[in-house]
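For reference, the chain that follows is the form predicted alone, supplied as structure tokens.
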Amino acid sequence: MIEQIRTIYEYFIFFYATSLFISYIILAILSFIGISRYKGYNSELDDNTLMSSPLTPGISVVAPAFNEGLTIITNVRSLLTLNYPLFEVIIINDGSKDDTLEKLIEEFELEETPFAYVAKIKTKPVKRIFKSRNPAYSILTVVDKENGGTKADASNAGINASSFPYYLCTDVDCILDRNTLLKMIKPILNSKKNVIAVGAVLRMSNSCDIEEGIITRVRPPKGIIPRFQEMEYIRAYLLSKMGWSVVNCVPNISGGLGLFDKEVAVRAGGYDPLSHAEDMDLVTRMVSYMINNKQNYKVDYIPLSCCWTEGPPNMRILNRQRTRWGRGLIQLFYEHRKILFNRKYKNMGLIVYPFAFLYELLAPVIEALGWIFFIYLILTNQVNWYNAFIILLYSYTFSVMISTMVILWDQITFKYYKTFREVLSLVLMVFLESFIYHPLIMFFAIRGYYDYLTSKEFEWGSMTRQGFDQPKQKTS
């Protein structure tokens, strides 16, 4: 009996891994097509045209903040210096317990003001709205509200306070490229379809040179954990999401940076205030709304790095982040279970959700059960070591190959890093990922599943920031 189970286990793991590898090969081909199209696309809407045209649509930049006192001033100043002809910056103080609000009031000369706040999306109560006495900060609005327990609730309040037809949702710990709004609005203006959301590549700001809220020199993170995440982000955005965008199957727009059609977002109900996976939840809601109302739509991605975010600097913060992500993923599938394998929802029901279900939600569980069974076989001296070695080598070699290819492809195409040593430091992470980083991510995801299934209380909270006022490094 055990022999039969072992044989079934070996074949299952082999075919499961093979199907995943084939999927990544297909995504790599699609990503290459998508990036080639983007690189070779000559838009009539260049930056100068957008900056001077009276028809350029306005964009509201929405950034929730909870206990961000360490970096809030630098980050808000960065948002205020974006290069775009018509935009506003809305900071939502989501019941911070530190001095976030006090610092904003002092630095930007804020005062409480009457404001036509219309709650199109229900949120926790808004207490006050602030505007600046200084005309230099006229585009800044600060919304002070009761803590809603999730970033989603704070984002909804920002949407309610926004004035323009499009909004860009980001985090206050993010540093945006000055031309982010110009780059992200172009897919919307150039498409014949109704582009309801646009995403872009995120990277780690850890160890980058930053002056007055602007990235002046891109570097891979020095810390091991954020460097692993830098590698992971490059693979996830440049390979996966760019590949999915070619066939209009983008699963989510990152909460760190996403441009959305406000009307569609509001009509879809905005973010679920109870969601811990607000990025994929919103895209699901918006796509479902478009399909239910028989409207054509597209969710797009651009291959440019427009956003740098401070990644978890240590194991404790990584645990908190990935446990929340795991909790959010299982919550998402429960809340939107009717979509899975449902032909009515087209690409989302037949491609996006099945792929995420099989290779994202179930993957940590399958892997954990596989390790438990493998340990049992070792203890009972029933391991077919030849087959085990072949399966391990097969999986490891493919993982190293695909990740190395994406990192080198990114460097050859966009050249964000200035030295070969910096690129090599990321490639090294590829060889270590399977033994160090990946098991941690698997464990944290399962912990998130457990927390959700046991209804453990959770708040979105804040990540301990190291801040950006660090000694400048010598440029190479």
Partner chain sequence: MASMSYIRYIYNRRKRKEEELVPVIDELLIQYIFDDSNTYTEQDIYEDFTKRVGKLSKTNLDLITKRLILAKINFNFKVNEPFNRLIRALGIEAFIEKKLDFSNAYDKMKGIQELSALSITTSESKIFPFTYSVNKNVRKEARSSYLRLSKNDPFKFFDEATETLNEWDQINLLKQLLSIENTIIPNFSKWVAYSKNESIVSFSIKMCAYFKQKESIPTLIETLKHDNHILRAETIKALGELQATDYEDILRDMYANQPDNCQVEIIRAIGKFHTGKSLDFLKQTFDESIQTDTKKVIAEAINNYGPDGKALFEELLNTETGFPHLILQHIANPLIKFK
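Residue numbers count along the first chain shown, from 1. What you are looking at is a predicted structure, and each value in this text was computed from that prediction instead of being measured.
Another form exists, predicted together with the partner chain; not displayed. Remarks below refer to it.
Heavy atoms within 4.5 Å of the partner chain in the model of the complex are found in one stretch of 414-422, 23-31, 439-447, 62-70, which is 414-422.
Listed residues 214, 340, 189, 224 were compared with the partner chain in the model of the complex; 189 is the one with a heavy atom within 4.5 Å. In summary, among the residues 389, 164, 373, 398, the only one with a non-hydrogen atom within 4.5 Å of the partner chain in the model of the complex is 164.
Within 4.5 Å of any heavy atom of the partner chain in the model of the complex lies no heavy atom of residue 125. Residue contact check for residue 53: one or more of its heavy atoms lie within 4.5 Å of the partner chain in the model of the complex. Using a 4.5 angstroms limit between non-hydrogen atoms, residue 115 touches the partner chain in the model of the complex.
None of the heavy atoms of residue 302 is located within 4.5 Å of the partner chain in the model of the complex.
Each of 86, 132 and 138 places at least one heavy atom within 4.5 Å of the partner chain in the model of the complex.
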